[in-house]
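Included below are structure tokens for two forms of one protein chain, each presented in isolation as structure 1 and structure 2.
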Structure 1
């Protein structure tokens, strides 16, 4: 790889939040203020809002404009998680096709422009974070990376290096290391849970120090889904049974529809014509009046653009359960009124399957590093989902409190990507 002394942006393109820093003339430039309307101006929510095909808003402004425009138009969140889905090509806005690559490219271009405005220079090189695994399927994982490369090219970057996000978090931690230590990093974000086992020491970084990188595409959004799949989706026709004309078979609302309904990234796609028409058929042929009413609620949620707000309430309930034993979920939109109290215990029980898969990928990360739990000197946790008590508790059980540290939940990947840009300039990566 060529030595790289040109200015470089460091971009943490997250499923929920994105941050940008830079490495310019040998100087590390920490998180830039890219979202003037956010409470933390250095962190932009990964949101796009198109009131129509020719206009787009980003981050906090996407949200405020969406509300002030009476939720007309299209708001996209969690679109990073579509990257490995080969069947997901993109969307249509006002009869115009917007491919996923162009959607992400549009977002990256805005990050680039805002960072350039802050730095006062043009920057065509970037170090961009990537999860350990976009998907457990290696082909889909490769597809996701190819699409990110296209998106980065769309945004005008001519040279791009992708760095695994947990590795970046390790580079951040490395800045404070005095003696050699074997470290496990866990980065729990919105879309993915990522791990690395790495030898950290104060000498020059060498690729050989990285013993393994692994992870899985389950994190904060998957935990939000749990509130839908275990309880709330029943209010929207999840269990509906129906019988098609001239058939004796009693059918249940298909899993594929349910999966869309349950997931914050996928639910907006219920709007797509074929799916929407199919649900209408189910409504027509539903055997129970209560199912018809529930499907009507689903249509109301879609038609009145309440999906985003509903999932915001779910996310806020989940966050509140990180510090409260129970929390009341209250949604007051006329016709969609919902009032449910969720307990932390319920949340833990319902999350067992997701937790198991996340920790299986931790186990395989240690196994491929050929390291036992005892050999790890220190465990560092980062990312918003590291706030979830049962995640922290599981690490406590496996490693003990003494070996556990928490890094800045939202800035450590970015900080490490800036370090990576410095390593790139020295030809170390």
Structure 2
């Protein structure tokens, strides 16, 4: 008999997309249809749109409303990636303070409401996926988890278990296993690359089967950001030099501003008052007319709400360079016209640092498990970044093609979280 048979939601809260399943009365309930406006109704884009402080839209509807409202208001994407950033407390919409915990809690609450409506019951327990590491800094990683606990409480969950996403993917794959195997699971999302080494077998699950879990906070969004940091941000004032009044010091646009400009999760915060006023001061004191023009383009991007569209075009460029030798990035909004050609070689070269850190975390995972590459029976990769050719090729070089299995579907982590909910009810986790 189950130790705890209370209904439990399984929530794959992702940087880019989120899904919800459930474990109710001993029954595993697969992905629920939580977004009626999406092409795949079981998958809701992790988006919040506030046309004003007292109204919020979610998922696909958030994007369509944002466009229909002429991109007025605030659209938030990739906000999960702020969790380990202790200096980021939240934002202000009109005069309303919205903490990061409340922002995430608002989204989780909407997932909870929609799932409850589909199930026809109230649910106060949840198993929620988490990356292996929100941050390489242990303190920041713990801060991120504490914030997620607060967000879950804000959403109305009274009992929560957080399960590492690569472990959840392993639980999903476990259902296919007939003989004992030593498996490496790699789960690549928008914000993190996560790994687990686990012994999988058809017998009852034991915590001892999990040999190690590791990862790093770099994945799809980090690969998107390199296009800005290496080339495109120069069109928006990245290289600007300026001199403040009554000073002889020549200064460059601060790195903190550039970090926000380069990342899809952070650039929206350039609109916040203090930052915005500072950039206006830089524009006023810029030494070159070309720098003033570039900063004017940055203001136009912010004021005309073109940030989301610009990064969508960057993501499309990244995907196209996975199968093409080069690709022409073209953005045609009046005043922001941008035409740049990127090569696959540039993409590979610029991504070298990201790739190195991803595979350092893989090496660390195997070292913690005290196993070698040769001892791994099977490698199972999930998530979009696993399909990036130079990522996949590195796995082939280390493990060989015959041990590599790449899954394209987005539901493996959710399926494993539902299994985790079942294990929880039996006191196994």
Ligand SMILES: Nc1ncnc2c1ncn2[C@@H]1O[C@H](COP(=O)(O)OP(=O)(O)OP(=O)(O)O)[C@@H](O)[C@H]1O
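Just so we're clear, the structure is a prediction, and the values are computed from it rather than from any experiment. Whichever C-alpha set is largest while still superposing within 1.5 Å between the two forms counts as the rigid core. Numbering follows the first chain given and starts at 1.
Query raised in the report: The same chain appears twice here, once per structure, so which copy is the form predicted alone?
Result: If we ask which form is the one predicted alone, the answer is structure 2.
Requested in this report: Take the rigid core as the frame of reference and indicate whether the C-alpha of residue 247 shifts by 2 Å or more between the two structures.
Outcome: Shift at residue 247: 2 Å or more after core fit.
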